[in-house]
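Only one chain is given next, in structure tokens, and it is the form predicted on its own.
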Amino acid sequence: MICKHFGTCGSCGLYEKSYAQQLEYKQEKASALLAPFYSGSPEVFDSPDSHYRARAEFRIWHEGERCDYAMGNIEKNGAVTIEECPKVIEPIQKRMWRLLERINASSGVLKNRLFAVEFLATTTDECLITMLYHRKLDEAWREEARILEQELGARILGRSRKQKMVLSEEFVTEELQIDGKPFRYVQYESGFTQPNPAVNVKMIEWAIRQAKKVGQGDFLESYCGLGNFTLPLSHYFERVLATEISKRSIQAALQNCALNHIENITFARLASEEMTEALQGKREFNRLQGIDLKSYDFSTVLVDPPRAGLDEGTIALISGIEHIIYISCNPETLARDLETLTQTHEVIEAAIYDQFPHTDHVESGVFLKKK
């Protein structure tokens, strides 16, 4: 990928390395952290070099009557206006500059106190645009935004403090081919989604390969989000219990389950710590009414925690399950958690996923089996 803003925009920090060099650097970084627990070389899943990001946020920089997109600068002490962003996928690329032209050509209703724009798009060309303001939105804004929706072929949503104005829908529906099967995912504006669709598919298919090695029993998942892993992996187990603390994510997960005609998944709105307390019988939750936890026989667990990694209680819980699939957005906390998990399990497979090319960030996964 070539971008005129390399060296000034802080979004991409590895611009001096070729993409092959970036992958080598990330593999060495992850391998060093995994070396005490895994003697092999992690499998590497690359990304498209450009047009890979399906979710993006840009500040709006006001200079007189003109608005421009802006990003934090590379020194992390200010902002830089941008004229291109080749990392976003085509459905965003073809709309974001037309949107900016329309904002600048407007009478002021669209640009007045606009401070950021967020894009959420799919590989099937759906796009949701959220415009964020430091003022209350009114009917004049709604009327202009409706015209803009038609011009851009997108869904537009306005936000300001304690206000959300939805013009049509507040979600897009992604369709991915995963392990030879189509899966559809409703993705909401405020919910978490994997930012790189191509790498996301590779990540799920790697997890499926591990699940196929088990091929029996029940499946437990913590931090399930909108069902990104849950839906495809459900085909390889008898029953699935998946937990997530976000109400919006649980809502999306239930919709996605129905959308894909999957009937063996039960979703519960629980934090990881609460899931641990419930399964260990330490605490009862009204949110689990009608769910017989004792009837599950978990052969496999998948965890995909935030950057902080797993809490001690969750580690203790999953240490009693035969197979563990651990997807990590932070190799440092993964290595920390493996110090405990490898007391009871051994790492059978490891992988790294390049969700964020041209940055230092690397995601990783390990498959563990009880010793």
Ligand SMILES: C[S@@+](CC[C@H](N)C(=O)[O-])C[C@H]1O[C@@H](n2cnc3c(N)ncnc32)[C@H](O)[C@@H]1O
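Fair warning: this is a prediction, and the values are worked out from it, not measured in the lab. In case it trips you up, residue 1 is the first one in the sequence shown, and so on.
In what follows, reference is made to the form predicted in complex with the named molecule, a form of this protein that is not presented.
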Listed residue (Leu270, Ala278, Val199, Leu176) with a non-hydrogen atom within 4.5 angstroms of the named molecule in the predicted complex: Leu270
The named molecule: the contacting residue among Phe171, Tyr223, Phe119, Phe219 in the predicted complex [heavy atom, 4.5 Å]: Tyr223
Does the named molecule, in the predicted complex, lie within 4.5 angstroms of each residue among Trp61, Gly108 and Tyr133, using heavy atoms as the measure? no
Only one of 291-299, 88-96, 228-236, 121-129 gets a heavy atom within 4.5 Å of the named molecule in the predicted complex; which is it? 228-236
Please tell me whether any heavy atom belonging to Gly40 falls inside 4.5 Å of a heavy atom of the named molecule, as the geometry stands in the predicted complex. no
Pro306: heavy atom within 4.5 Å of the named molecule in the predicted complex? yes
Can you check whether Phe192 is within 4.5 Å of the named molecule in the predicted complex, heavy atom basis? yes
Check whether Ile245 has any heavy atom within 4.5 Å of a heavy atom of the named molecule in the predicted complex, and answer yes or no. yes
